[in-house]
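Okay, here we've got a single chain as structure tokens, the form predicted on its own, with questions on binding and movement later.
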């Protein structure tokens, strides 16, 4: 990696670290490991035009990979259940403080034939196929429109920072 690439990763790391901490999240404290993940996200961004998770195989078709663009759709459920996301980029406060150890996290992403795919009908209206197969309810933030699929709404909206009482069941 060139000096320019090192500077790009360093800038990305500093910017992301500030953003996630403001949002109540934590990056893995192993800076070398974290920067390697971020470098891979930047490689995917250059390759595909979007920052796909470095630990999953991206198709190169953004509509098919929306669920794995970092931060992926699976981050919050993984943090809740395992105290870290699938790739270990995001960790809980317990892991950050050393109270818990980082462990392997099972893959939540459905197989390709089970994924929800966005598609346009003959009028050009964007819709979702297989929406009835969702395993979890979808919650919508009434302030900013953030959507998440999980058992219940998040304690705090990661986008606009309002409390869970501002969420409504969307699907």
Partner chain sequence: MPMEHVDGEDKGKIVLFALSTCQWCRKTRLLLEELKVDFSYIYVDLLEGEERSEIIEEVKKYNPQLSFPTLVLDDGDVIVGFNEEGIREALA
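Residue numbers count along the first chain shown, from 1. Everything numeric here is computed off the predicted structure, so don't read it as measured data.
Although not depicted, the form predicted together with the partner chain is the subject of the following passage.
Against the partner chain in the predicted complex, would residue 112 count as a contact residue? Criterion: heavy atoms within 4.5 Å.
Residue 112: contacts the partner chain in the predicted complex.
Look up in the predicted complex whether residue 47 has a non-hydrogen atom within 4.5 angstroms of the partner chain, and give yes or no.
Contact check for residue 47: yes, within 4.5 Å of the partner chain in the predicted complex.
Classify residue 36 as contacting or not contacting the partner chain in the predicted complex by the rule of any non-hydrogen atom within 4.5 angstroms, answering yes or no.
Because a heavy atom of residue 36 falls inside 4.5 Å of the partner chain in the predicted complex, the answer is yes.
Verify the contact flag for residue 59: yes if a non-hydrogen atom of it lies within 4.5 Å of a non-hydrogen atom of the partner chain in the predicted complex, no if not.
Heavy-atom contact with the partner chain at 4.5 Å: present for residue 59.
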